[in-house]
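Just the one chain here, the form predicted on its own, laid out as structure tokens.
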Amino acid sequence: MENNINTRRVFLNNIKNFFLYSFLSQFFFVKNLKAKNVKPKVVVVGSGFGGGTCIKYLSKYSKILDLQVIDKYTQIQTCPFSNLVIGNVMDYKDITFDINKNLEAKFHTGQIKYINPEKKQIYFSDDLSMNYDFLILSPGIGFKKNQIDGYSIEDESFVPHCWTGNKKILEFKKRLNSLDDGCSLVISAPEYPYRCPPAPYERASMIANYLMKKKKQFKIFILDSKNSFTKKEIFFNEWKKKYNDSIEWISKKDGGKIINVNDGVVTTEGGLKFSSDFLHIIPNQQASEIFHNSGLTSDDWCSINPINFEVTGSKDIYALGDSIDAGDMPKSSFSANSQAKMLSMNLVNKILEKDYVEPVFLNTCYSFSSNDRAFSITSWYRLNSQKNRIVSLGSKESNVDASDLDRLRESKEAHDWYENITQMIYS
């Protein structure tokens, strides 16, 4: 525990001291830049929690860099707390934010087709292009195709998976609202790794919360491609306490992995069959298409140098968030925010021709089981001795048998975290 506390202290001190240190350094370095009449052009792709944090921090350095931002959206719908919209705990407008354009940056709306690392060019779907000196990629997540026979992500007859920030969540709620009393629901949870490990189980909780408020009888089956999941025992306790036997989890070893969908009937690897009134498949995931289309990864995830987040084999291209292999760090918004601070810090150090700071990281993940009941896990990370992988230093999880007051307290902490981070990025 002492190591965890020390690591957290180092993390916070690094962030605090970095900006004082860098602003003092700028005075001497800017003279040289002005003499050359050059500012390095830094392009950030994506304005979510990772990219948005980079934009916020790097915009403070307009004297030494030309900051440009590309996003395909003009508004950001956050994935954190989107399950609470499903559960009728929050409104859709509460998780939707305008991209903050009151910063020292130039903003562009467009869909990127691919990147040419050799030419340092970004190509858009409308055949326009943009050059860069340094490129930061934080585009979110991508999805594997053809993983389940009979299921297609593009087929709009299926319930939308809602694992990205868009208005499909409203269609999801519309279908949920149309369910009759005594309905049966099936949720397919994907294989690791994927965005936000406990989210499928929080989603089941919020669906149950919504249907219970409507005084409807229901049964939710979670058919899993895994044999365990984070915070499992806490979720089990919460489900029993709040929803009796209305939520049932079936692991992969017990036949839970779905392999086929036919006319609304799912068949699992173990030969089980389920017919449901609401089939919700969360697809298996991979790096965003931009990485695959640009040759920036040889497998499912983008490999990076964990010291500065430079993409392996691609000079001056940096990546963070859900699409990268971040070692022991989970794919979460808190992780992306923590990574973005370290990436921004060391990119400015590079521009200022200063030494890199060895990064340390923090992640806290909150989950809700109902309106006012939440629980969390907090983990600390740093580099291994070879400096080539991010490793965990340990974690602290909420008590399985926590009191109602403790669950309420953590729900308030979760809302406070969300309000603080969204204000920091988008206000």
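Quick caveat, the model's predicted, so the values are computed rather than measured. The first residue of the sequence shown is number 1, and the count goes up from there.
Although not depicted, the form predicted in complex with a small molecule is the subject of the following passage.
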> Might Gly110 be said to contact the small molecule in the predicted bound form, defining contact as any heavy atom within 4.5 Å?
Replying inline: yes
>> Whether Phe49 contacts the small molecule in the predicted bound form should be assessed with a 4.5 Å heavy atom distance threshold; does it?
In response: yes
> Hey, in the predicted bound form, is Phe334 touching the small molecule, heavy atoms inside 4.5 Å?
Replying inline: yes
> Counting only non-hydrogen atoms and a 4.5 angstroms cut-off, does Cys196 reach the small molecule in the predicted bound form?
Replying inline: yes
> With the partner absent here, would Arg203, Ile290 and Trp417 each sit within 4.5 Å of the small molecule in the predicted bound form, counting heavy atoms only?
Replying inline: yes
> Which residue, Phe236, Phe158, Tyr73, Tyr356, has a heavy atom that falls within 4.5 Å of the small molecule in the predicted bound form?
Replying inline: Tyr73
> Exactly one of Trp301, Trp249, Trp163, Tyr243 has a non-hydrogen atom within 4.5 Å of the small molecule in the predicted bound form; which residue is it?
Replying inline: Trp163
>> Partner absent here, but in the predicted bound form, which of 173 to 181, 346 to 354, 270 to 278, 136 to 144 has residues with a heavy atom within 4.5 Å of the small molecule?
In response: 136 to 144
